[in-house]
Structures are given as C-alpha cells and as structure tokens.
Ligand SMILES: NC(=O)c1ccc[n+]([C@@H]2O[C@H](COP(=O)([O-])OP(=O)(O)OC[C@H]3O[C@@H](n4cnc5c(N)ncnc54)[C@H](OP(=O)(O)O)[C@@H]3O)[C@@H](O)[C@H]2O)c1
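Only one chain is given next, in structure tokens, and it is the form predicted alone.
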Amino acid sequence: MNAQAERSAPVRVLVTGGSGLVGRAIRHVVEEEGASKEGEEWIFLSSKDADLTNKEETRAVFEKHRPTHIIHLAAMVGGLFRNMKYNLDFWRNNVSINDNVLQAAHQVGVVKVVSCLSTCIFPDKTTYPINETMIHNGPPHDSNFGYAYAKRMIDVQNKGYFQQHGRCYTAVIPTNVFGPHDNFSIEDGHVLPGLIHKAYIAQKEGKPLVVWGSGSPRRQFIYSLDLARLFLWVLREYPEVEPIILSVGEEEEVSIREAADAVVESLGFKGEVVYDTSKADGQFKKTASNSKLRRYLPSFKFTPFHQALKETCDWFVANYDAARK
C-alpha cells in the first residue's frame, strides 16, 4: 500500500490539469521551492496535450509518458452559477475524464494515483463538521449535483481498483482553493477570485463593489501553495485508499462578507460595498474537519488567510493582462 516501498525504480509523476490553479502551484513547489526528490521526473499535462474526455487520446498520452505516479487534477470546473446552468455537462465530461484517466493509469501499470475531489461532493443535508466517512450519506446540493456526483464516483472507482487489482488509487478533498493562476472570471470563477476581479474593476472605474448574495455563507479557504505541499505528502506518504480532507481547521472558516472585506483591504479598495441579495447564496456552509490530516501531520503550518489573499491579489494586479478571466 505505501508507495514508499515501491520507490527503488525511477519515479515519473504525471500531473493532469497541470496548467490550472493547483497544477501551477504544484509545479511552483516542485521547481521553485526545490521539493522534487532525487529520481523523480515531473510531467505537467495541459488540455493542449490530450483531450481526456477521449479514451484513445488519454491512453495515447499515458503510453507516451509511461508514468509511475499520477496527480489527477483535470476536470471541468466552474463557480456556482456555471454549475447551476450546466449540471449535465459537468456530469458527463467529468465522468468521462475520470474513467479514462483511472483506466489508462491501471493499463500502463501506474503504482499510485491521487485524484482531486471537492467538499461540494458531500451531502447537502448533513451534520457538521463533515468528514471523510460521510461522502455518500445523501444527495449533494442541487446547485452542482452533476459535478458532485461525478467526483463522488472517483471514490467508488478507487475502491474498485483496490478490491479487484490491489491498486493504491486514492483522493484528496480540498476546501475552497485560491491563489496565483486562478480563474478570475466574474461569471464562471469561484467566489474569491471573482471578488478580487470585481473589486479591481470597481476600484479602477470608481464604482461600488457588488457582491452577489447576502454575504452570509461560510467557507474554509486553502491557499494553493499549501495544498500543493500537501499533495506531495499524499503522493509520497499517505497509505490509504480512503480519501483525506485537506483543509485549514474549522476555526478558520470565514463568511463571504468577511472574505469580501479582506479583498477590499488587500487591494486598498476605497469604494462602497453592496450586496445583491437577488443572487443565489448557494450552500450556506460546508464546514469540514481536518482531524484526519492532523493525525498524520500535526505540525503542518498553513499560510494565514490574509497573507495568502494579499499574495494572490498582488499576483493578480501584477499579471492582470495574462491572468485567466
């Protein structure tokens, strides 16, 4: 089960979705922070390298690189309003991607796969904090049921690959990820990068910052570089097929209003902040327990939210023309 025991041979790590938010963060940690270990080769795939919804293209790119380990990040993703509009597309595309990646990994003999899930897969009606045992305890929130059910199926497949083939394919469940190289689209992005972009424009135009919803929903945010460091630990050390939540503690949860205030502070926004309550709030809370992570890594230090947000805002301002938006 422990990949450490199988590391006498060279390790070739293939990262799907390598040009996205988390993929870029992993690349930064591996290449800029020197986290790569001797004997490891890292390959970062983007959608230009293969269409992972296509079984033949997926198999071909896996045959080309012959990875021993995979970090699987590629997915069709979007914020609340895009999910609400395209639930069927989110279901079909993500089921195809995940099935193609896991089966191709098995066929080329990949030792370990670490896939990326999301806290939105958990039941809408549940008790808090949610933990890893509760994934399949009821329907997810209606707003993103297509994405949520598709991601849940990775957990089902991982158990199947272990039961039938002894594969150590596992998954991590991060809370809301943010950081440099995020998708800062106002229409389709997640809440924090969308707020950053809106505040930036409002500041330039001298207009109010309009926050969609009431500002009352609560979220745990994890900095992409912290998540990247944890991904490397899971790839190298985490021995279980059962998934693991990667998150700051419950006490670090913030409301969307508090997040908006932090964005205003980080960007030095001086205008009025208005809440458009005609827009949907989405799920009120998704409070997740990181107690399992803390049992394994009791001393891991997360970047403080305000520091991570300031670094993200500074990156966005400095890279405005090139940033995804």
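Position 1 is the first residue in the sequence shown; the rest follow in order. In this text, all values refer to a predicted model and were calculated from it rather than measured experimentally.
Omitted here: the form predicted together with the named molecule. The next part is about that form.
Within this chain, Ala75 lines the site of the named molecule in the model of the complex, having a heavy atom no more than 4.5 Å away.
Using a 4.5 Å cutoff between non-hydrogen atoms, His190 counts as a contact of the named molecule in the model of the complex. Under a 4.5 angstroms non-hydrogen atom cutoff, the named molecule in the model of the complex has Ile97 among its neighbouring residues. A residue is said to contact a partner when one of its heavy atoms sits within 4.5 Å of a partner heavy atom; Lys48 meets this definition for the named molecule in the model of the complex. Looking at 105-113, 126-134, 146-154, 198-206, the stretch with residues near the named molecule in the model of the complex, meaning non-hydrogen atoms within 4.5 angstroms, turns out to be 146-154. Only one of Val248, Leu117, Val234, Ala228 lies close to the named molecule in the model of the complex, with a heavy atom inside 4.5 Å, and it is Leu117.
Checking Pro140, Pro174, Pro243, Pro217 for any heavy atom within 4.5 Å of the named molecule in the model of the complex turns up a single hit: Pro174.
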